[in-house]
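Heads up, the chain below is alone and in the form predicted alone; it's given as structure tokens.
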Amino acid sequence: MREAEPSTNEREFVLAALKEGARIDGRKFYDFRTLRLSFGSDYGAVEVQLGNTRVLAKVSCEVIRPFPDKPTEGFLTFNTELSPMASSAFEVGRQTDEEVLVSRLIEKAMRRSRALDTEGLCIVAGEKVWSIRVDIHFLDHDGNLVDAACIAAITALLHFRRPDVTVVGEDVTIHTLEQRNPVPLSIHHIPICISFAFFDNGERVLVDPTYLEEQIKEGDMTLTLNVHKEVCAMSKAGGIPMELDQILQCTKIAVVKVTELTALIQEALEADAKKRQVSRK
């Protein structure tokens, strides 16, 4: 089932507001919506709310055998689920183009940028490694699923703790949380996706577009960066062509936004860690 296209009045109202230098939700062109992070009782469970877009990420792990050609590397896999609960445009058991695009962008941002130290997941070379799985569930769709999913995934990985392991010879003992404190994953850097929507042949650029803005846009682009100003990935699936100076301008905007979002993520993680310490006492 496809959702109805924006009416002519809605389209004209949004475009008229943009010409006046305004957005219909009151934000400036380069502003993100309010970001809220909430953590579950288990390590690795994070809900991200970006405006009215909500995404839940849950990390789990298991011990499996590595590939023969990579005996010391663990695994990192992502599973995205877009259900009718998020939007009536999605159907159970049928992947939409948007779901494929979101899952590919998350794979690029996390795996190809080597954000997680997969060699640190090795238990016994060639025999046992950790396989880390990130399940991403979309609860409400009001635009910019990619950025919300990326924030949820990396925050969940930073929050997650795996069981501690003791290796004596060929014997491997996996300790419960009661026996030993769990171990955090080794994260090299924090990649963050920043999505842009283009209007008026690229003359007007919006950060963090809403669902209505996504329906009206002439083109889009997603940049993945970290606080070290390293571009981890770039995706532009169709739409209007971009000049080099426009891409550079978007990169400068993204660097500022990534710094702000990374600070918010780290603050939320620190606040949750303090809460857990208090609850243990």
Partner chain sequence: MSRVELLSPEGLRIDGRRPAELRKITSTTAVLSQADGSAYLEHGNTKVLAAVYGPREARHRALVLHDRAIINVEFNVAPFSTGERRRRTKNDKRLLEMASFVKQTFEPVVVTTLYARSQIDIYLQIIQHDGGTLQACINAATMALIDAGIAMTDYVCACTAGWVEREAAIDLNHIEESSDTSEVTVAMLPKSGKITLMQMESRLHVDKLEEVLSLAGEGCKQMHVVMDKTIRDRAEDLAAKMAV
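Worth saying up front: this structure is predicted, and the values here are computed from it rather than measured. Numbering follows the first chain given and starts at 1.
What follows is about the form predicted together with its partner chain, which we do not show.
query: Among 121-129, 100-108, 162-170, 176-184, which stretch has residues with heavy atoms no more than 4.5 Å from its partner chain in the predicted complex?
result: That would be 100-108.
field: Close approach of Val48 to its partner chain in the predicted complex, 4.5 Å, heavy atom
entry: No.
message: Although the partner isn't part of this model, could you tell me whether Arg36 comes within 4.5 Å of its partner chain in the predicted complex, counting any heavy atom of the residue?
response: Judged by the heavy-atom cut-off of 4.5 Å, Arg36 is well away from its partner chain in the predicted complex.
query: Would Thr251 sit within 4.5 Å of its partner chain in the predicted complex, counting heavy atoms only?
result: So Thr251 counts as contacting its partner chain.
field: Contact label in the predicted complex: Glu230 to its partner chain, heavy atom within 4.5 Å
entry: Flag for Glu230 set to yes.
message: Do any residues of 219-241 have a non-hydrogen atom within 4.5 angstroms of its partner chain in the predicted complex? If so, which ones, in sequence order?
response: Met221, Leu225, Asn226, His228, Lys229, Glu230, Val231, Cys232, Ala233, Met234, Ser235, Lys236, Ala237, Gly238, Gly239, Ile240, Pro241 sit within 4.5 Å of the partner.
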